[in-house]
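Only one chain is given next, in structure tokens, and it is the form predicted on its own.
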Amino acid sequence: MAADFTKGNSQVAAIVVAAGSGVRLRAGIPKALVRVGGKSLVLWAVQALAFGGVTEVVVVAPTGQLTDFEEALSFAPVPCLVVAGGATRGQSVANGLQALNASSTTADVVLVHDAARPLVPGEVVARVIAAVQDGATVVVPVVPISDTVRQLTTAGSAVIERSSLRAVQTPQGFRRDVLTQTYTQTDIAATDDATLAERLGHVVKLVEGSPSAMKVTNPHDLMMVSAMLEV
């Protein structure tokens, strides 16, 4: 699918990471193509981003299944460019960023989002975007941890005070030049993109996330998302 990023005054782009095989979901197809509520997870994710203010999207998909993803996104509300991912999440984001920077986009704000979080509320997306536009270079949505957490130690385990802990979600927002610098100057082995930027000295700003932005990893998670759509 050829995406035209030149129409209108594009200001906010997103890279949607959807290159995972979804082995733990046991669906037999890439996780992002699994349908729930009549739509694929990746389409739900793109729609959520668009609702929050994203105007153009690069979707990073498994090599060899780009056509399947293009078909799944044929009714997306914003232009989508599908590109091949890499062997790791970091490599996939780097591929998406390379494609974005090679396009004609004028976006100076870039979000990185997991297709496995299909129901992130638009207001969370908007908060991330607004924080970058207000001057933050790296923005992460978070939620408080409600469970008691224990840390394993050599002596057994110990409870960690949870009042100061937060669970990290996506989309994570970046000034475009900062994300480009991050993937040019750091080792891309990390579980999230903000951690990479932090290694270069950038301060991570936290904004309020949402329980609705849960990550689909296993069949139970998929059931939870389906139930949320029926409410």
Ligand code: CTP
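None of the values given here were measured: they were computed from a predicted structure. The numbering used is simple: start at 1 and walk along the sequence shown.
The form predicted together with cytidine-5'-triphosphate (CTP) exists for this protein as well; it is not shown, and the discussion that follows is about that form.
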Partner absent here, but in the predicted bound form, which of 80-88, 97-105, 149-157, 136-144 has residues with a heavy atom within 4.5 Å of cytidine-5'-triphosphate (CTP)? 80-88
Every residue in V23, K31 and S92 with a non-hydrogen atom within 4.5 Å of cytidine-5'-triphosphate (CTP) in the predicted bound form? yes
Contact assignment for cytidine-5'-triphosphate (CTP) in the predicted bound form, among L73, A115, V120, L111, heavy atom within 4.5 Å: A115
Examine V17 and determine whether its closest non-hydrogen atom to cytidine-5'-triphosphate (CTP) in the predicted bound form is within 4.5 angstroms. yes
